[in-house]
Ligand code: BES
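Form predicted on its own, single chain, as structure tokens, below.
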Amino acid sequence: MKYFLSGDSLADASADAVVGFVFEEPNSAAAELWDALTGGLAGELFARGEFKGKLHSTARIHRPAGMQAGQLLLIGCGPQEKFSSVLLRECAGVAGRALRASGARSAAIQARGEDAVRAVVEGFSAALYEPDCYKTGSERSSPTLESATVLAPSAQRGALERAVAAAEGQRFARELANEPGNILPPRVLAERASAMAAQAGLACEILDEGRIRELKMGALLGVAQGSAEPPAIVVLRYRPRGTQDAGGVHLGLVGKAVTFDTGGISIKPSAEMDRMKYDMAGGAAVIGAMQAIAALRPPAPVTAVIPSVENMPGGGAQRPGDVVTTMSGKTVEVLNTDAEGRLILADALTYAQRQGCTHLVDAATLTGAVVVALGYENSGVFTNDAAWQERLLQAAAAAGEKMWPMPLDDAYAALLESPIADMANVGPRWGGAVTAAAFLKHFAAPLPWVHLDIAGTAWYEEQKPYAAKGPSGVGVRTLVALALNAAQPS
């Protein structure tokens, strides 16, 4: 899919289809504009009640009298007072889904301002992804769209390039998260990340099992020991050119990549266990973000650490009650082998610190408890530094990704006490997302750190009007926005 920028007017755009956004209010400026461009046909749709501008609704007008385009696709945006960048991305996605198999080969979308340009490109691109890569013959979708032109001033070219890079990174993350566990074990994930790094111009180092043992990452090795597939840690390094002022910031991104999670000896129920191929979505988001960061070249250095294992109940699997020693030297009593993500992240956070990172963010499909708390709408955000969390939330808002801050006071850490080790890997049932974050906090200190629990947002449970069912690629755009602005003063 190719994206272009053009100063053409809506009337002169020569694409097969022009996309128009319309609010519920029939007398809005947008509604009047489309009515004028269609010789009154858009107004008639409103008058007859065929199209009311409700959120995610669509209407088509073929051969509109006042336009060069073959068709006008109207997208309902709901009430204007409730409209946001999140909804603009969704509405652009609705357009993408409607056009992807319609026979149209080109589309044009008007956008006003940098934020709007990024929103329409990112939303439109996300809608074109389908998870059907292993279907054969006619069962596999075959979209006809080849290009999209954003109607905006030439000054918005930078916004377009940023959006395309973020969208491509998000797509790569979704492709990785969609791969079955038998096709993408840790070693293959490492190969895919390494190939991307070579193409993007990133430095890449793969830590194999031998090197991981040398580094004394006992928590990660404990999780991996039940699988025939060896663990791997992907380390991606971006360094800015020349003498850009990074303000002393060295951003560390850490992503959980459990390529398949059975729960180990504390085995999961069989229902929907197949979805546990997505337990590496945090790692995929970090890899996708690094691809975009390499293209956009922010001023601050970024180091990404992606610990990857398979959590299996093999004969050598760790047992509930085992004690492991982390890279930091702290000991952990493993009460539940299905709380494995925090174990591999503990060693990865320590490693990121030792690479010279000054600020940390981790992304992980960590707990079902965060879904109980926030449902499938918001990612949970936890921190040990309010100012750093605010930077992250600002990046999320700019990227159009919904995230919600959660508590993390010292009382939660007390729930992880162990009589035999420095801490247990789980606490009591209630507040499980918070105690998981409290566990990670031990290994992030003393650096400013934010933890993103994306267990509820990394997978669309059902097809959306703006996206296919399956991996969402959540986190990529936020991490990219954060990297681009990490060196700016608070």
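Remember, it's a predicted structure, so these values are computed and weren't measured experimentally. We number the residues from 1 along the sequence you see.
What follows is about the form predicted together with the named molecule, which we do not show.
Among the residues 209, 338, 179, 229, the one placing a heavy atom within 4.5 Å of the named molecule in the predicted bound form is 338. Just one of 342, 97, 174, 118 comes within 4.5 Å of the named molecule in the predicted bound form, counting any heavy atom, and that one is 342. Remark: residue 369 counts among the residues lining the named molecule in the predicted bound form, judged by a heavy atom distance of 4.5 Å or less. Heavy atoms of residue 45 never reach within 4.5 Å of the named molecule in the predicted bound form, leaving it off the interface. The named molecule in the predicted bound form is not approached by residue 145, whose heavy atoms all lie more than 4.5 angstroms from it. The shortest heavy atom separation between residue 365 and the named molecule in the predicted bound form is within 4.5 Å. Taken together, the three residues 268, 426 and 455 all come within 4.5 Å of the named molecule in the predicted bound form, as judged by their closest heavy atom.
The partner is not drawn, yet in the predicted bound form one stretch among 314 to 322, 77 to 85, 271 to 279, 289 to 297 has residues with heavy atoms inside 4.5 Å of the named molecule: 271 to 279.
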